[in-house]
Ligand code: NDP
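Only one chain is included here, represented as structure tokens and corresponding to the form predicted on its own.
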């Protein structure tokens, strides 16, 4: 495979010379192009990915428009130079500039084949980079929408390149050494990507999914919360990194909540509401996790059966010992949710934090102060109170990403845009051009050491008298230094 990077680097050199405002102007037509062909593009995603049309319109097209609009409106402010005054040396000043990485390689997933690449490709372009997108081999036509809408923009040839192929193509693109890598996918593949990038090294941003939990307190509106759990655990066929895979329910309401949830899961219409399996290998994971649950003697109050070769019925797994089961510890990535109970808030927090991943979480309770206390102790990148954590992905202002096995780095928000560049500091004197030679330059002597010691103690001192005393000591040492050997 010939490398796309030489051509991309030529385009990037021209693109980086433009102001952020000019980059915004040139990319802006892509938003309207996406809106104009919304129905057509949603149909394409529905056919290729298997998600319902409603979700294709909302989670793919709508979320992409929202993300692009926010980025285009805010990028000039976020990426502008930042001036700093220096506390230690007030006679000097500095600027922090945002510098594009160069060529950014984005390896996209199949579950959100347009929305996720948009949230990484567009900020990378706005920050002054060229981008090579390698979408999943399962959904290349959906990712191709991005190439189509950018094709109508005034971009240098080679600035954005889409290359189709399986994992071996992605590995080759990493080996050809891009300047920055963004990967969204499984934990296992993420480890391989990170190891490959480390050989060069290439900075990486990894979004590796999660086993996200919903905590349901005894004072929650159970009808409302059960509806949230039914949707949150099954939308897109459960093939979402932030889907609700674990339910942590207060023991006093566990039976009532479970009964409500079973009813709602069984009323999901598989023809219009439930997404289809996109990757055939997912069926094997579902079968393995359900077999493990049955082997452990866990209950499956509803679901647990396939409705066809590409659909699993919405499934609830519960029972003692579920915290050791695969459906609790590992990402099923399907319409399967595991339920257990808690007795107090500390117990709920411990159950939530018992897995290695931490992407989103949610807390449902009428006591907002209590929810805030719980949220502050959850190991998760995003926590929603009285809503499903996955909905936060549709808020472009919020940084998106997790901790632990969920990866690191962020997309969305200011943090996501800043992640597409690196900070360069330019510092200079405020007065004159050169000024006197620095007192810490050679030759070293005891007067110089005394000056530096007084300076450090003065910075540490809080009382004005102590600061004044150290300033006088520093002045005497400086005078002694100046009367001796000149600086080199």
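Positions refer to the first chain, counted from 1. Not measured: the values here are computed from a predicted model.
Omitted here: the form predicted in complex with the ligand. The next part is about that form.
Of these, 312-320, 294-302, 110-118, 227-235, which stretch puts a heavy atom within 4.5 angstroms of the ligand in the predicted complex?
Correct option: 110-118.
Taking the ligand as it sits in the predicted complex, is residue 166 near enough to touch it, meaning that at least one heavy atom pair lies within 4.5 angstroms?
Flag for residue 166 set to yes.
Should residue 418 be counted as a contact of the ligand in the predicted complex, where contact means heavy atoms within 4.5 Å?
Looking in the predicted complex, residue contacts with the ligand do not include residue 418, since no heavy atom lies within 4.5 Å.
The ligand contact in the predicted complex: residue 241, any heavy atom under 4.5 Å
Yes, residue 241 lies within 4.5 Å of the ligand in the predicted complex.
If we define contact as a non-hydrogen atom of the residue within 4.5 angstroms of the partner, is residue 343 a contact of the ligand in the predicted complex?
Residue 343: no contact with the ligand in the predicted complex.
Please tell me which of 192, 414, 179, 326 lies within 4.5 Å of the ligand in the predicted complex, judged by heavy atoms.
Of 192, 414, 179, 326, the residue with a heavy atom within 4.5 Å of the ligand in the predicted complex is 192.
Can you pick out, from 209, 381, 396, 100, the residue that has a heavy atom within 4.5 Å of the ligand in the predicted complex?
Of 209, 381, 396, 100, the residue with a heavy atom within 4.5 Å of the ligand in the predicted complex is 209.
Using heavy atoms only and a 4.5 Å cut-off, decide whether all three of 135, 281 and 333 touch the ligand in the predicted complex.
Judged in the predicted complex, 135, 281 and 333 all sit within 4.5 Å of the ligand.
Listed by sequence position, which residues of 162-192 have a non-hydrogen atom within 4.5 angstroms of the ligand in the predicted complex?
If the 4.5 Å heavy-atom criterion is applied to the ligand in the predicted complex, 162-192 yields 165, 166, 167, 170, 171, 174, 183, 184, 185, 186, 189, 192.
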